[in-house]
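Only one chain is shown below, in structure tokens, and it's the form predicted on its own.
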């Protein structure tokens, strides 16, 4: 009903009287009224309600799949052409949802990117208000340095980092390494809340260490045990690395309990864990939720709709995933988007040949903390 013409020197508002159900009769008086609205920069609700207040969420994002092998190949080409340094800061290549106008946004609220660091390279220090994490689907040899704390990155590790923390990366190995970055860049962009600051061009030799466990892990990575000699009052988890060995064991134990007839799984053949802040059990980041799901071979999850959007990466195994009316076959590393209120389900076809666990393992991150904080969260599980 409304069109915008930003080239007009008079008013960007353009209203057209339309003969349609539930609309006022098209008369000279209505036309004159609309010209008055345009002059005063007013838009009546009765011309917009179907778009502004739909019966259910209609996401601007669409379901989409990115194949990991293609991403790594392009990232490797970039590694030989594009340097890491001031200006670009990171060799990070963002997923662009095809319906978001070419913006580097996976969903209207979430950023996802493959980051690639060549042997011996450093990514310079900076900080930003955007909350971020790294998740490693393959490889090792890179350390991220957060506030002077060198944190190793290995396959299966999840590394959250709340906003406004100084951080840099260095590759101490003789081979490239890729991982995925997740941030709330689109959310902070649309809310106009973002800040960014350059740090040092180079980290110190004292920080260029390669410990097996970071200082944050030595303090906070002991299950159920909280250090009494230190307080943590800043947003986000103080634990900077959640090791795969603990995630893997938790998922395996859930499925073993299910076999023994005890509760613990989300649904038959479907185990899941959420990464949480060890100080209070909340989400690891104020605006991002992260989880790992394991679906045993032959099991199929019930379709679920949720407000808010998600990005998934296949950590291990293979299977089929269905988002809305779209179904894909997926394998290790593949990434896909689930927009708001689109039903999602998956079926595991994983086995010993393509999965260490013999199951389909899916890493997921979402904007759920934002929706829960605003009391806009809603979930619906469809019958199978």
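Quick caveat, the model's predicted, so the values are computed rather than measured. Just so we're on the same page, rigid core means the largest C-alpha set that superposes within 1.5 Å between forms. Residue numbers count along the first chain shown, from 1.
Unshown form predicted together with a further copy of the same chain; subsequent notes refer to it.
Chemist: May I ask you to state whether residue 66 is within 4.5 Å of a further copy of the same chain in the predicted bound form, using heavy atom distances?
Modeler: Within the cut-off, so yes.
Chemist: Any of the heavy atoms of residue 159 lying within 4.5 Å of a further copy of the same chain in the predicted bound form?
Modeler: Close contact is absent here: in the predicted bound form, residue 159 is far from a further copy of the same chain, nothing within 4.5 Å, heavy atoms only.
Chemist: Would residue 57 count as touching a further copy of the same chain in the predicted bound form under a 4.5 Å heavy atom rule?
Modeler: Residue 57 belongs to the contact set for a further copy of the same chain.
Chemist: In the predicted bound form, does residue 348 have a heavy atom within 4.5 Å of a further copy of the same chain?
Modeler: Output for residue 348 is no: heavy atoms all beyond 4.5 Å of a further copy of the same chain.
Chemist: Thinking of a further copy of the same chain in the predicted bound form, which stretch from 310-318, 72-80, 294-302, 134-142 has heavy atoms inside 4.5 Å of it?
Modeler: Looking at the partner contacts, the answer comes out as 72-80.
Chemist: Tell me, out of 200, 175, 246, 155, which residue has a non-hydrogen atom within 4.5 angstroms of a further copy of the same chain in the predicted bound form.
Modeler: Selected option: 246.
Chemist: Pick from 117, 180, 95, 146: which residue has any heavy atom within 4.5 angstroms of a further copy of the same chain in the predicted bound form?
Modeler: Selected residue: 95.
Chemist: Which residues in 264-291 have a heavy atom within 4.5 Å of a further copy of the same chain in the predicted bound form?
Modeler: Those in contact are 264, 265, 266, 272, 273, 274, 275, 276, 278, 279, 280, 281, 286, 287, 291.
Chemist: Taking the rigid core as reference, does residue 24 move its C-alpha 2 Å or further between this form and the one not shown?
Modeler: Yes, because once the rigid core is superposed, the C-alpha of residue 24 moves 2 Å or more between this form and the one not shown.
Chemist: With both forms fitted on the core, check whether the Cα of residue 15 differs by 2 Å or more between this form and the one not shown.
Modeler: Moves: yes, 2 Å or greater.
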